[in-house]
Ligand code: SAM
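One chain follows as structure tokens, the form predicted alone.
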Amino acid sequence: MQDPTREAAFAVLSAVLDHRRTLDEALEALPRLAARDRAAAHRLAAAVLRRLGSLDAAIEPMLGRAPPIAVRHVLRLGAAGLLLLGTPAHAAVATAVALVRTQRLAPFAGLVNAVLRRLAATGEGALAGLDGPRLDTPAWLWRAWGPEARAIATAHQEEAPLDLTLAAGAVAPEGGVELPSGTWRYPPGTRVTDLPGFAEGGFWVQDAAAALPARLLAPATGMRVLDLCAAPGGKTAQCAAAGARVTAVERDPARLDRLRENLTRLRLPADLVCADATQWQPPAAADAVLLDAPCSATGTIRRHPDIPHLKRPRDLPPLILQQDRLLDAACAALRPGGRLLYAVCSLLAEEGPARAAAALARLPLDTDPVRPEELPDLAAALTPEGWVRTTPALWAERGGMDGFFLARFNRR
């Protein structure tokens, strides 16, 4: 009973956990697969990554000794189907047994069958009593998030919804809800390419929090705006849609191609530059600079559950150095009196408040505090300094949002 979905999910899980490839890279590397099977494999692998600690804790008491890692992956996939995704017991067990055989691990078929049957008999009770948020979060991240750790980790247990930014004059597809910030939200699992208006450029995918930087930059008609580290282009599109003259800078040629494709679909203009923003110099000083800097991306774990399994504390120092260099370059590209918006999709203080404070100490910048009226129904995200820090726990009743830090400055 071969199942292309399970085989693909196994390949993805192994790529992430055994070979430290990102979930997106692992999905790209899959052989030809029907779109429906690919989406199902993504959902299954993501469910395992999202709840890995809990699934292992449920499986462990049923093992006499540790099986090979490949067998453990099969058990994890079967357990995720049973306990998280509502897969019928007979299908979850049968496909897992078949999978262990296709992976040339037939001697372990009996073990997989026995463990998953016991889990099926226990049902959702296998997860009862477990501290899921704590088990599913690496210790270093839990410590870094401090008092907010439990609320953030709890939000990470749910699949993220689909958020859209609408083009000017576009009508929102049916089935969505408009958030106070103007973003339109659709249920988890919604395929953006299936929505009417996608091919015509009526909207683009952008989390509610990710839409805030460009809105707080407040681009206007004729304003010269630099968007540094611009791909995939959601913020470039926001600025261009507002009438600004946008130059989008991206050092990765492949990501720049993706940005170009997105702008073409949206029918929005921008000058595209393939360059390292720390070395490139604009032909003229900008009125405004938007810097969404490369970071740990720990604010996007809801959408990228591979991140906790790939990132380590040792990854931070080179990122922090790069963020400081990008802030220096952004400030240098800005005219006196111009506005700089620094953003990172990170939940780590080292990449957010610490970088903003360091920039103020060494650069000719003043804080331009964000006002409460600029953040509809998001007063909890405003810091005493006038900066913004969103977390997945905000708007929990609406489905949450990504974690972002934003600081706005004016150049002296």
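Just so we're clear, the structure is a prediction, and the values are computed from it rather than from any experiment. Numbering starts at 1 and runs along the sequence shown.
The next section is about a form of this same protein that is not shown, the form predicted together with S-adenosylmethionine.
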*Which one, P305, G233, G81, P219, lies within 4.5 Å of S-adenosylmethionine in the predicted bound form by heavy atoms?*
G233
*The unique member of A277, L327, I301, L164 whose heavy atoms fall within 4.5 Å of S-adenosylmethionine in the predicted bound form*: A277
*Any non-hydrogen atom of C229 within 4.5 angstroms of S-adenosylmethionine in the predicted bound form*: yes
*Hey, in the predicted bound form, is T190 touching S-adenosylmethionine, heavy atoms inside 4.5 Å?*
no
_Residue contact check: D252 to S-adenosylmethionine in the predicted bound form, 4.5 Å heavy atom_ = yes
*Classify D287 as contacting or not contacting S-adenosylmethionine in the predicted bound form by the rule of any non-hydrogen atom within 4.5 angstroms, answering yes or no.*
no
_Among 268-276, 110-118, 73-81, 133-141, the region lying within 4.5 Å of S-adenosylmethionine in the predicted bound form by heavy atom distance_ = 268-276
